[in-house]
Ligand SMILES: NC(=O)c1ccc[n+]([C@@H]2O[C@H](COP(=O)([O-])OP(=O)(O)OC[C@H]3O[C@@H](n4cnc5c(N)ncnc54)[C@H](O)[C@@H]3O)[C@@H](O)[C@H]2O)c1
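Single chain ahead, written as structure tokens, the form predicted alone.
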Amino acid sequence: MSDITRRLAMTAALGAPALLGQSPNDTVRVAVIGLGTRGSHLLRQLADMPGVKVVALCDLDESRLAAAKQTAPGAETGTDFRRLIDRSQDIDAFVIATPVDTHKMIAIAALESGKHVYCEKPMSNTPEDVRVMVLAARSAKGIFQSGFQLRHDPNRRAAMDFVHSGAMGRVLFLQGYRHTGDLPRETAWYFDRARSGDNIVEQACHIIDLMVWAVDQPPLRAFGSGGINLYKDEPPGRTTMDNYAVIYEFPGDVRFEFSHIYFDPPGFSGIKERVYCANGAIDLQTATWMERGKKGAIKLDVPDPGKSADYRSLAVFIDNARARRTPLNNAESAARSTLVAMMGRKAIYEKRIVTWREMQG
């Protein structure tokens, strides 16, 4: 093992987060708003979490509420989030997993009630709404944590600690792609860019968040191109792109190249997240790296690899709520990554170079 590998391994051991212990006498009472595919998944994570009790469920769809009751049989159910928030004296925290265009309305109401809020990514679908949410989070009594859960994935967190340790040298180039099949057709709002913010905001924001985190600052400018090449009017009324590519330029002459397509054959490409530094390159998904000029990939030591990023992100939220600790994926960091995604969207739509200054409002 080289000296640089030893230093990186030590950094991982010291820097990767551990889940804090849950106290059975310090139960956090949680309400889940939005019980579609994502919300139901988060509900299952919460139901298995020590020190957490799901006390309320909310969704417009009665059949989803009935299904969710199987996971949290003792929870109160309702279809109006306003009523739930108005009578939230027995609720400590809200988990929001509704369509993107409703995030601002629900999250701000929950924050104004004095409760802790975990809101799924992205923050919203317009820059104006993002800025309003940041202001609400700053003045709230409770904490706000965004659902950029990949920051809590064991592999990605260990890999990012390596990058931030400086042992790999300065960051030179960032690469990501998300090449998959199309999104589930039964979820209509996915394909309405007025609701979802389009795929670069609703889906790609995860990878964008990681790369912004890697360099710890927003890009200076972005340019790109995209469109609908295969799934024209599939499903009917579709306005979201099925392919695009964007390049971001960061300070220090660092570029981030990202492409996203929805007609990739199964198993052909998949998802990649890579950071290239002066001393080598690292794959964030697998926590493997290669020293420049040497052969063979090195798997990093990854602490606490057992739990999923979703579980860990929610568990950290519960601990942050207990301690009133500022989250890693807080309102400011989530706003920055969401606005960077919107910056790329604007460049694609308007077919021009868009600067970060334009996103500041």
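Fair warning: this is a prediction, and the values are worked out from it, not measured in the lab. Note that residue numbering follows the sequence shown and begins at 1.
Not pictured, yet referred to below: the form predicted in complex with the named molecule.
J.: Name the single residue among 260, 116, 157, 206 that comes within 4.5 Å of the named molecule in the predicted bound form, judging by heavy atoms.
T.: Going through each option in turn, the one that passes is 206.
J.: Within 4.5 Å of the named molecule in the predicted bound form, heavy atoms considered, which of 162, 250, 81, 244?
T.: Selected residue: 81.
J.: Residue 38 near the named molecule in the predicted bound form, any heavy atom under 4.5 Å?
T.: Looking in the predicted bound form, residue contacts with the named molecule include residue 38, since a heavy atom lies within 4.5 Å.
J.: Taking heavy atoms only, is residue 136 within 4.5 angstroms of the named molecule in the predicted bound form?
T.: Residue 136: no contact with the named molecule in the predicted bound form.
J.: At the 4.5 Å heavy atom threshold, is residue 177 in contact with the named molecule in the predicted bound form?
T.: No, residue 177 stays farther than 4.5 Å from the named molecule in the predicted bound form.
J.: So, residue 187 and the named molecule: in the predicted bound form, are they within 4.5 Å at any heavy atom pair?
T.: Although the named molecule is absent here, residue 187 would touch it in the predicted bound form, with heavy atoms inside 4.5 Å.
J.: In terms of non-hydrogen atoms within 4.5 angstroms, which of the given stretches 293 to 301, 43 to 51, 56 to 64, 318 to 326 touches the named molecule in the predicted bound form?
T.: That would be stretch 56 to 64.
J.: Quick one: 210, 273 and 338 and the named molecule in the predicted bound form, is every residue within 4.5 Å by at least one heavy atom?
T.: No, none of 210, 273 and 338 comes within 4.5 Å of the named molecule in the predicted bound form.
J.: Taking only heavy atoms into account, state which residues of 147 to 172 are within 4.5 Å of the named molecule in the predicted bound form, ordered by sequence.
T.: The stretch touches the partner through 147, 149.
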